[in-house]
Structure formats: C-alpha cells, structure tokens
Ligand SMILES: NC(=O)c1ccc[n+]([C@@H]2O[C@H](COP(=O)([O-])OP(=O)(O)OC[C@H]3O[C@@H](n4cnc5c(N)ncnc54)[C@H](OP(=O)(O)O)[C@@H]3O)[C@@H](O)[C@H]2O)c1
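In the block that follows, a single chain appears as structure tokens, in the form predicted on its own.
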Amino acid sequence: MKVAILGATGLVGRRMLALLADRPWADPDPVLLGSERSAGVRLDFRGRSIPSKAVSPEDFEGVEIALFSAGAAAARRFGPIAAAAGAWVIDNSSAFRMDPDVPLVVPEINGGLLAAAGRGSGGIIANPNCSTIQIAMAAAPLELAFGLAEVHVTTLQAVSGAGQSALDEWRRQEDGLPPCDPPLFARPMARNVLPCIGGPAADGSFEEEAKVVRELRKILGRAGDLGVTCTAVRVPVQDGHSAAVRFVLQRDADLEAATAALRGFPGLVVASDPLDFATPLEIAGGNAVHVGRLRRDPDHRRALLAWVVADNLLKGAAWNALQIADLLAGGAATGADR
C-alpha cells in the first residue's frame, strides 16, 4: 500500500516512519511530507535515505494511507484533500476528533468502528489526545466490567508532548539560558511544573483538560452521562506521560476483580503489588500502557485509585496511529510491546 506521512520530520512523524518499516503492507517507500522549512531533510527507511518535500495537494494522488502529525491547521487543509483522493487519513491533531462523523479510535477499545472501512474508499480517522489514550486504556476494562460513574484525572505530561521546539526551549532553560522571545511556556519550565497546557477557557480550564474530558466520553460512548474532571500539568520530563486517576464505579468491585479486569485487557501491563508502579523513564520506548498503585479509595467503597504511565510519542501518538493503519490494511492491530 502506498503511504504518506505529513509531518514526517517531527518527533511523532519520525516514530511513525520507524514503525512503518516493520509493516509488510507498506510498499513502496512512503512519501515524506512537511513544510517548506523541512523540505530536503532526509530520513532513513529500511536502510535507504528518503528526502522529505513540501506538501502539495498533488502529493496524495494514489496514496492509500496518510499518516498526519503536522498540527490542526495542516490537517484541516490537507485532510479533506487526501480523503477525496482516496486515502484513509489517520490524523494525530485535534482538528477532527469531536466531529460526529469522524471515528475517534483507540484500537483495543473501539477498533470495531473501522470494520466498515474499505480499502481505497478514503476517509478521516482521528487519533485521540496522547493523555486521553492512556487514561481510556485503563478506563475501558473497568467500564466493561463494572460501569463507570466518574473519572477524575491529574496528568503529569512530558515536555515532548509540546513538540521539538518545546524540548529545545526546555533544554535551553536547563542550561541557564534565558527563555526564547516570545516564550513557549507560560512560566519557566526548567525545574518547575506548570498546570496549564493549551489555551485558557472561560470556565477556568485549559484546552488540554477539555480535550481529556470530551474525548474520553466519546471513546467510551458515554458523551451524555460520564462525569470527568481533569487537571493537566506539564512536568520537566523528556518523554512519557503519567496520570493519577480516580475511577468511581457504578457497581461494587473488590480489588482482586478490578485487577483481573485490567490484566485481561490487551495493551495493559498491571503491577502485581498495590505499592508497585512504573515511571516514564522506565517505560520510554515501549508501546504498552502501565497501571500501578492500584488500590481502593478508603472513603468510597466504589472508587479505585491508580497510576497510569505510557510513552506519549508511541501509544499516545505514533503507535496508536499505526495500529489503526494495520486494521485499515486488512490485518489485526498489532499488540503492545510489553
């Protein structure tokens, strides 16, 4: 199948390309697309050096799968063009996530939404927000087994979630250099934590928090009646998002039953001891979502507390997109690397 990657030279695009090299259905070499600034940058694919080029509408002719990781503005411009040319667009931006006609897919949870997708027919599929994906992965088996009444989240999100420029700025600050002008962060990022990701909203939240609320409800099919709250925090970590989550169940469940439900769900790694946990440094480069510190809320018999960690550039972005592509290519979504 002919594949294009828009945003190929970015953090997520490069990981998409690396994962694509293992896909037997990806042939011939992918078309690498980006901005004028990235045109000419060469990337390795299966031992060959492939140049990227500035994107134009003609580049999607004959493309069957288009992996997008170039931001919402580029997605809105080129997504419909690529879909009209017959490509399945898997978009990593927020552009189409809440469109009622666009599936918002985490393959382990709702990959069945892609069952009607036929090769060559074209369309747009949204990849969820990076934090939302890992929270949804932990929430889904509890929803299936016991029902969820509420989900309350505090995220601790790596700097790489804001892109290469954010990583560069964070490292500048770590080296004692002054912030860039205009600054990329609301306050200094080095040796600090910032509870503000994305633009502010009238209700006092920030956009990243609203994304988690909206998208989690859509992924779980609970848009009207699932209580969700989120405080999103940027932390001085390179890769790997963490989340402290409180799940309020609809039915009673002991800890043993809840642990069993989570362990039986594909793509999850669950710590065997309530005191055990994974960290971003330990899981970097892996595709699984890790659940630890699983315990009961002592003040609420139907509430569970958990610590959820995943690589935001992989399961939070590139890996989830490639799992979707696997399904569109006619196979099964590849299981997580544990």
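The shown structure was predicted, so the numbers you read here are calculated from the model rather than taken from an experiment. Quick note: we count residues from 1 along the sequence shown, nothing fancier.
There is another form of this protein, the form predicted together with this ligand, and it is not shown here; the text below is about that form.
Of 172-180, 198-206, 252-260, 88-96, which is the one stretch near this ligand in the predicted complex, taking non-hydrogen atoms within 4.5 angstroms as near? Heavy-atom contact with the partner occurs in 88-96.
Note to self: Going by heavy atom distances of 4.5 angstroms or less, which of V212, A126, A243, C130 would be at the interface with this ligand in the predicted complex?
What the structure shows: None of the others qualify; the residue that does is C130.
task = Identify, from the list P236, G111, G122, G71, the residue with a heavy atom within 4.5 Å of this ligand in the predicted complex.
result = Of the listed residues, the single hit is G71.
message: If we define contact as a non-hydrogen atom of the residue within 4.5 angstroms of the partner, is R48 a contact of this ligand in the predicted complex?
response: It does not: once this ligand is placed as it appears in the predicted complex, R48 has no heavy atom within 4.5 Å of it.
- Is P103 a contact residue for this ligand in the predicted complex, using a 4.5 Å heavy atom cut-off? Answer no; every heavy atom of P103 is more than 4.5 Å from this ligand in the predicted complex.
Spell out, yes or no, whether the shortest heavy atom distance between Q164 and this ligand in the predicted complex is within 4.5 Å. Yes, Q164 is a contact residue.
Next on the checklist: Can you work out whether A278 and this ligand are in contact in the predicted complex, taking contact to mean some heavy atom pair no more than 4.5 Å apart?
Outcome noted: No.
> Does anything in 1-29 come within 4.5 Å of this ligand in the predicted complex by heavy atoms, and if so which residues, in order?
Replying inline: Those in contact are L6, G7, A8, T9, G10, L11, V12, G13.
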